Structures are given as structure tokens and as C-alpha cells.
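A lone chain, given as C-alpha cells: the form predicted alone.
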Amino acid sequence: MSDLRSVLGEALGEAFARAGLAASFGRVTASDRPDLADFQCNGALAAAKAAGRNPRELGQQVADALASDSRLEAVALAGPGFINLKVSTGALSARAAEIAADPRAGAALVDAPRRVLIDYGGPNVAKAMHVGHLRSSIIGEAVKRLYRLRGDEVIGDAHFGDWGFQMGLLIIAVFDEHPDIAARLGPLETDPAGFSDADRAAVDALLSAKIGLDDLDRLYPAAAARAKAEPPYRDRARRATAELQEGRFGYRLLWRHFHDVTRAALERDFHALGVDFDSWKGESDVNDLIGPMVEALRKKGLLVADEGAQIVRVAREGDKREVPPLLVVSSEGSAMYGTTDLATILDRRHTFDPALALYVVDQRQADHFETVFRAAELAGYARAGELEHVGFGTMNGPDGKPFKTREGGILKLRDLIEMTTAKARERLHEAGLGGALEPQAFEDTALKVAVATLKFADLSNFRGTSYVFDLERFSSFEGKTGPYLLYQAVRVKSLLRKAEEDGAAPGPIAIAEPAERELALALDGFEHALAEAYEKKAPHFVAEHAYRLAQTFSKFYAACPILTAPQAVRGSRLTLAAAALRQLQTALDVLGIATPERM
């Protein structure tokens, strides 16, 4: 199934080729003057310059080649050589009918599906999610859903931060605060032969009673601050970290509790946002790979000594700026952050073998990932182009600075979700829906409106830019907002329910009115928006299409009576409305936004 822009582009490309020029000059875009044409092609100007010909003469030659095309009502030349195209009513009706009959709402599949791994979210043990995790979660989930819609096999990986110095800090902080835990677990250096299932259950009960996520969230920053101020405390934490990584049994039991209690809370917060992962592999999963990997790098001649440390040089001839080496082993003998990332690439090659791995991480990490990816290519863990950093800007408050609490602290994600949900409840009450829905249905709707508020505010912007989150503006049911899109979807659902109650059935599409024509063209634009978003890993193309479709449907709804129209016209318009709803919901699903039944 091809969209009109693509098939007309192919026809124009063939016309340019018959004129002895590259088919790429036939590229078609939406018309700058929709009152004059549906599409336009500007290729004659560039083609004429390349061939040393008159652009109007060349443009007319190409236009004449399409004059008999039944898909076009008119082909006209404008200005110095612009080719304007107006689609015939028959072709537009046929295309709209094709989309209406398609369960995928006009979304095509890629020709060669791939296995794609997407690394996003980036949560850490013992740290509640904050707004800094929001963009990675929202963008990564949308890219995952987009790639799945296009036909790829996609693995969403949270890449859980569950290892390293922070674990040692937490172990000694818990032992200091809870002597009974220290007495029970501290002496367990190795797995005792008599440590039974009952013993494990008793330890689990002890830890569950005394250590929750709020405790970890309180203990970690205090321990980190103390480690900076007190070298002996820092050294204790380093020893605990080393012993944990070497397999000390009591420490592993405590670490597993940290891991599990954090993950349970994180999954709850992520799920509330409509974000779910296929893999929760963490940094701990590659711990045992690091030693052999370092030795393999040494044998390949990639590891070189540098002031007591071990590095991999990744700079290339022709680099226009300095690209630093990858620090693999510090002068103190410990593996570094980049070492873990490199081992993760190796582990993913063995576990998932993806054709493409996308890292949805803050744009400020671009240099780090370039270094790691180059090292992976040198080591043979990935080929050029298989690893890609999908960067993004920051979410800022109304003051233009990174979003904070009123007191200036980092805002926790669960607090942002609740704050946005409270605003959604307020908006629904303003709309008179407070008493129209059952309490549970009202809460479910409020959460959907809140998630739509957060996600569309983010995804309507190009991911590479920073944006200002204004809760008052983005929670409105009017304007370019997530709640507005939900309102339009619910409006169509209500219309279709009423039609069914009245016994009105959908029928064959026959485009007649300008608003019908505009809606059919909007429906046709979905595939192009998906293709652009897929190629550029940029969900804002889908968000933009969803908003344009919702606006176009609103105009159609106002200009073209549906339930009161004559039977044939009513059937056509009901089919158009149902197609618009399916496509809007498909686009919203890509963005991770669920639509309620009523609002």
C-alpha cells in the first residue's frame, strides 16, 4: 500500500528519467498552496540547472508526460518551473477507501525487517525516577512502538543501573543503620552449605520489613555525601563494592533486595506512563564479562598503557576534533563506566544479536557514546552503523531552566505524574465530567489525560531540542495538546456509537465536498509521517500528523453533517470518520497515548 505522494513521485521520476535526467528530481511534497494544488514538484529547477536547460520548458515536458494520468485531475506549471498536481476525486476516494479497509490505518511495513534493540529509560537501583528520566522513557517508548509498527522485531531494554560504587555505599549505610541486618548478613562470605530455603525466606522477610525504596532513596544521598567528606567511609564503601563484585554471599543477598525492591517500584512508575520493557538486564549482568573482555582487548593489541591506566585509542585520521580514548581500566585497577558499556554491547551481541542498537540518552552524552561505539567497532563487537545514539534536549520549567520543584530540588517522576493527574481531574471537572463517569472510570480517564499531557508536550517537539513544560497550557482541551487529541478521538467514538444506535451503517466513500477532500488527503499523509519518523528516529513527525488529522477531522465534522445527511452521503462520511478514528488511535498508540471511551 503506497501513499499518493509516493506513487506520484514515482510517476514524476519516470518522466524525468525519460527526459534523460535523474529520477530523484521527481520528489513530491505537499503543496505550499493547498488552494491551488494538493502536491507539488520543484525538481525541474534543479534538473534544468544540472542539464543546462530552460526550467519552464523542462517542467512543461514533465507535466505533459503526466497529462493523461487518471489519478490526476490537473497538472499545471507555475512560476519558473514548479509542477502543481491536483489528485482526481476518483483516485482520492479510492485511496481513502483503501485506508478505511486497512487494519493498519494506512501504515506500511518496511521491506526488510530487522532485529532492533532500544536502550532507554536508564533507571538506577535505590534512586526514585525523576524528571530527568522522563524524556528518555517517553521518546524511547515511542521509537520502540514506531519500529514495531513498521515491522521490525524490537527489544526494549531498560539497562538497569544496578552495580558499582553506589551498591557499596548502600551496603555499609544499611549495616550501620541496622545492626541486626549486619549481624545476619555480614559474616556470610560464601554460600553456606546449610543455607536453606527457609533461611532465604527469613532473610527476605527481615529485609522487606526494614528496607523499602523510600529508605534506599534516603540512605543513598546521605552515604554519597559522607563518602565525599570522609575518606575512611569512602574506603569502606569501596571495599564493600569490591567484595560484592567478587561474590560475597551476604552482600549479594542484600544487593538482590536493593535490586528487586527498586525494580518493582520502577515498573509501577513506568507502567503508569505507558512504558514497558522487554529486558531488565543490568550492569551486574556483564560483571563477569569484563575480565575476559579486557584480556581479549589486550591480545588484539587494542589496550595500551597510559599513565598507569589502560585505554583504547579510537581517534581516526581525518577527525576534525579530538576524540578521547576509551578508559578501560583506571590507574587503580578498576573497570570504568565506559568499560561496562562496552561489555554491554558484547553481551547484547551474544544475547540478542541486533542488526541495530539505538541508545536513547541525553544529547550531552554524545561524545561518550562516540568513543564507546568506535571502541566496539575496533573490537569487532559491532559493525559501522549498527550502534546509534539517539540524543535529546532537556525538559525545562517556565523559567527556561531544567524542571525543578518549587524548593529548587529535583522533581520525582511519581510526583510529576500525580501533579499532572491532579490537573487532569481539574480539567475534567471544568468540562462537566466529574459526575458523568463512575469514580473508577473517572480516575482511569484522568490518568489517560495526564499521560497524554506529558507525552504530547514532549513528543510534539523534535527530540534534539529542549522545550518548556507549561502544565497549564499543555493540559488544555484546546490547542496543540494531548488532551485535545483525546477529545477529538472521543468525539468520533461518540459519533459512531450514535450512528450504530440509529441503525446508520458505513458505506462506500465518495469524496465530494472540500472538507471531505481535505480529510482524505490528511489520511493519506500518515504513511509519509511514519516514514520520516522512522528514518530520523523522530516521533514528532507522528505527533504532528496526529494533530493535523484531528484538526482536519474537526473541520470536516463542522462542515459536513453526518447523521442527518442522505443515506449514501451519510455512509461515506461514517466510513471517513471511522478511518480517521482508527488512524488517530494508531498514531496515538505509537506515541504511547491511550484514548478513553468517554470524556
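Just so you know, these numbers come straight off a predicted model, no measurement behind them. One rule holds for the numbers: they count along the sequence shown, beginning at 1.
From this point on, the text means the form predicted in complex with the RNA, which you will not see here.
Asks: Which of Leu219, Leu495, Leu387, Leu471 has a heavy atom within 4.5 Å of the RNA in the model of the complex?
Replies: Exactly one listed residue reaches within 4.5 Å, namely Leu495.
Asks: Here the chain is shown alone; which of Thr351, Thr89, Asn287, Ser466 has a heavy atom within 4.5 Å of the RNA in the model of the complex?
Replies: Exactly one listed residue reaches within 4.5 Å, namely Ser466.
Asks: Does at least one non-hydrogen atom of Arg252 fall within 4.5 angstroms of the RNA in the model of the complex?
Replies: Heavy-atom contact with the RNA at 4.5 Å: absent for Arg252.
Asks: Taking any heavy atom pair closer than or equal to 4.5 Å as contact, tell me whether Ile311 reaches the RNA in the model of the complex.
Replies: Ile311 belongs to the contact set for the RNA.
Asks: Contact with the RNA in the model of the complex for Pro566, defined as at least one heavy atom pair within 4.5 Å: yes or no?
Replies: It does not: once the RNA is placed as it appears in the model of the complex, Pro566 has no heavy atom within 4.5 Å of it.
Asks: Is Gly479 a contact residue for the RNA in the model of the complex, using a 4.5 Å heavy atom cut-off?
Replies: Result yes; Gly479 sits at the interface with the RNA in the model of the complex.
Asks: Looking at heavy atoms inside 4.5 Å, which stretch does the RNA contact in the model of the complex, given the options 442-450, 197-205, 107-115, 303-311?
Replies: Only one stretch passes the 4.5 Å heavy-atom test: 303-311.
Asks: Is every one of Arg56, Ala505 and Arg582 within 4.5 Å of the RNA in the model of the complex, counting heavy atoms?
Replies: The answer is no: none of the three residues contacts the partner (heavy atom, 4.5 Å cut-off).
Asks: Heavy atom within 4.5 Å of the RNA in the model of the complex: which residues of 552-572 qualify?
Replies: Ser554, Lys555, Tyr557, Ala558, Cys560, Pro561, Ile562, Leu563 sit within 4.5 Å of the partner.
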